[in-house]
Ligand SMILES: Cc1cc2nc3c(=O)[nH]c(=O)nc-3n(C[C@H](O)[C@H](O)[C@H](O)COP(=O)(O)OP(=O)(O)OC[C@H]3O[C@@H](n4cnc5c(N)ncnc54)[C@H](O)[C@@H]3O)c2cc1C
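Take a look at this one chain, the form predicted alone, written out in structure tokens.
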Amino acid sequence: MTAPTWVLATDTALLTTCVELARGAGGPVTVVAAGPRELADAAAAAGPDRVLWAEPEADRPAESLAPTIAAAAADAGVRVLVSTVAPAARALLGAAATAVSASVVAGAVALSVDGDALVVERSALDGAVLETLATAGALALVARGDEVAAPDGAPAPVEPLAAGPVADLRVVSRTPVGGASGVRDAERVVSIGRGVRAKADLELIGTLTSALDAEIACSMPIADDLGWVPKERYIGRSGQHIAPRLYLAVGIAGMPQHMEGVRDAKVVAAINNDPAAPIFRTADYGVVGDLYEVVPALVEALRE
């Protein structure tokens, strides 16, 4: 009998995409919804075979359910775990992955079975590379890709997840952060991608944002994988959607999931050393060149 596959959800972003990815393992797909009943109902409509629902206590975050979900995954013999990029979902994925001794792979876009092996394709280098990995063991995947439509048909049954141990985590306060609003409301935004080679080079980018009186933003890997820029400033389909007068992309390839976040920008300009970069197909203005040469020259011209 094929081992079960679980999708871990703490929100609805990319939920149907995760279920579709999980189908590649060839077995039954269960969504474990950690949140309110509305989340469980949305999960039931996303195409799984069933939904296990667990709601944290009012003063506890979804991550407090990690011990319960990890223990349940081990008991069920889960071989494949999938989560979205939501921070809470990834935390649950890590706990469950440890419980079933799974290898963790980020950026997963496709999954298949080859004999006894699981084969996963993942997007790397801001979408410039598609990498294939295989394992005979268990897999824990952080999904990446486009939103897909929910399938037609009756929703899956929703069952409560058996109660178990919870982590000693409590929400003591919630304070709005101004960083995201700065990006959302800005007339000019400079956004960086993997073309920026080191965190120390943010100082160079800072000279450009100062010269333009712009806010800084980034592509998903800069915030999510590297942590160089706060996640509130990530631009893309599952990040911020902005409409500045000028969006200047520095070292960003321009994959569709990123460009979705700036489709309402008045002017899109790009600096990239690859003349075939996808961003040049949609940018209003583009400079093909090394950002480490172009940015200082642009700053000098702006200051003059």
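Numbering starts at 1 and runs along the sequence shown. Basically, rigid core = biggest C-alpha set you can superpose within 1.5 Å across the two forms. Just so it is clear, the model here is predicted, and its values are computed rather than measured.
As for the form predicted in complex with this ligand, it is not shown, yet the points below apply to it.
- Only one of 213-221, 94-102, 109-117, 153-161 places residue heavy atoms within 4.5 angstroms of this ligand in the model of the complex, namely 213-221.
- Of the heavy atoms in Arg50, none are within 4.5 Å of this ligand in the model of the complex.
- Using a 4.5 Å cutoff between non-hydrogen atoms, Glu38 does not count as a contact of this ligand in the model of the complex.
- Put simply, Leu14 is close to this ligand in the model of the complex: some heavy atom of it is within 4.5 Å.
- The shortest heavy atom separation between Tyr292 and this ligand in the model of the complex is within 4.5 Å.
- For the three marked residues, Glu147, Gly193 and Ala277, a heavy atom of each sits within 4.5 Å of this ligand in the model of the complex.
- The partner is absent here; in the model of the complex, the one residue of Ala253, Ala42, Ala62, Val262 having a heavy atom within 4.5 Å of this ligand is Ala253.
- Residue-level contacts in the model of the complex: of Ala34, Ile235, Val31, Leu248, one residue has a heavy atom within 4.5 Å of this ligand, and it is Ile235.
- Contact residues in stretch 255-284 (any heavy atom within 4.5 Å of this ligand, taken in the model of the complex) are Met255, Gln257, His258, Ile271, Asn272, Asn273, Asp274, Ala277.
- After superposition on the rigid core, the Cα of Arg60 moves by less than 2 Å between this form and the one not shown.
- A displacement of less than 2 angstroms separates the C-alpha positions of Arg144 between this form and the one not shown, with the rigid core held in common.
- Shown in the overlay between this form and the one not shown, fitted on the rigid core, is a CA shift at Leu92 smaller than 2 Å.
- A shift of at least 3 angstroms brings the Cα atoms of Pro278 and Ala149 nearer to each other in the model of the complex than in the displayed structure.
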